[in-house]
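Only one chain is given next, in structure tokens, and it is the form predicted on its own.
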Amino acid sequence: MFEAEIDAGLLKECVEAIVAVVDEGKVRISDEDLNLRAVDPSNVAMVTFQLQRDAFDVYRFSNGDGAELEMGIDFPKLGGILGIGGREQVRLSVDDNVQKLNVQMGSLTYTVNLLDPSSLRKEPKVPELEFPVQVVIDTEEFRRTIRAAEKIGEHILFGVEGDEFYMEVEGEMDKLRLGMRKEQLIHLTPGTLHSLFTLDYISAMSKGMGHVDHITLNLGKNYPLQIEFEIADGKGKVSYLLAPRVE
């Protein structure tokens, strides 16, 4: 049995963070939290999501054998429902057969068919990666650069040169570069490296960051990019992992 109550705006922010990478996935519910790991159809990007029970105003979970509850969710559909409800509280409950999710907002009640978890893509293993460089940057500065980069080209270079972090994109005619010194950032591990990424994925991820103040970028040389940020006043965490394009 699972019943919960949460702010609609917060839940919508969680859904948007997930939809930045995948449209559907297997949500696991336990006595401690609600979590998900999913990879996009191209196996290029992965999202890891966790929301602690403390982020909910009401959280009731019980399972006779102590196992987690699995729900297959169509996230764009759920996001569309939450968009209709505004900023009020949302009540969630799952039927006994885990086939339907009841979403109640005020006088509106939606009954959503859940996806069969066994029909969804297998959950990926989180690779053990060691990142030599970490950058903590203001989210709006990051988003602003990505919006500008979209007008220039299709790939973006993330790199560190000594005490400077840079993002660079080059098109047929134009070039864009953001360079920020260590003192302009919240945190920077000095180093010398760079990796190239497909801009479409970065752009989608930037739209899934909600009202986050800052994000953490973990980097290596020709290495995957990991983007991490907290939600729900630190009671939730989102991590994106994106494979590099080999130059």
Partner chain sequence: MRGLCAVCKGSRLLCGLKTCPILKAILRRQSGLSNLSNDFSGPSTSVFVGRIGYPEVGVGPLAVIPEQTDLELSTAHPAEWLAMGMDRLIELRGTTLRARKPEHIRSKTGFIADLKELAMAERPTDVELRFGSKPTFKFAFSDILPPTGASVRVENMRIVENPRIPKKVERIVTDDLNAVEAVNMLYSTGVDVYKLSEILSAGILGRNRVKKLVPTRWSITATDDIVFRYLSAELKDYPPLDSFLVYESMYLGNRFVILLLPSLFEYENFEIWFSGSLWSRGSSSTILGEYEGYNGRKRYATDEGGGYYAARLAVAEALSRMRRQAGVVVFREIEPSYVLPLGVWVVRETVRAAFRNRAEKFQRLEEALSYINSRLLSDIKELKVKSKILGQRRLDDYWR
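Residue numbers count along the first chain shown, from 1. Just so we're clear, the structure is a prediction, and the values are computed from it rather than from any experiment.
Another form exists, predicted together with the partner chain; not displayed. Remarks below refer to it.
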4.5 Å heavy atom contact, residue 229 to the partner chain in the predicted bound form: no
In the predicted bound form, residue 62 touching the partner chain (heavy atom, 4.5 Å): no
is_contact(residue 243, the partner chain) in the predicted bound form, heavy atom dist at most 4.5 Å: yes
Non-hydrogen atom contact residue 45 with the partner chain in the predicted bound form at 4.5 angstroms: yes
Partner-contacting position among 77, 144, 155, 91 - heavy atom within 4.5 Å of the partner chain in the predicted bound form: 155
Contact assignment for the partner chain in the predicted bound form, among 84, 108, 173, 129, heavy atom within 4.5 Å: 129
Output flag, 23, 41 and 125 jointly within 4.5 Å of the partner chain in the predicted bound form, heavy atom basis: yes
Among 198-206, 181-189, 212-220, 53-61, the region lying within 4.5 Å of the partner chain in the predicted bound form by heavy atom distance: 198-206
Residues of 162-195 having any heavy atom within 4.5 Å of the partner chain in the predicted bound form, listed in sequence order: none
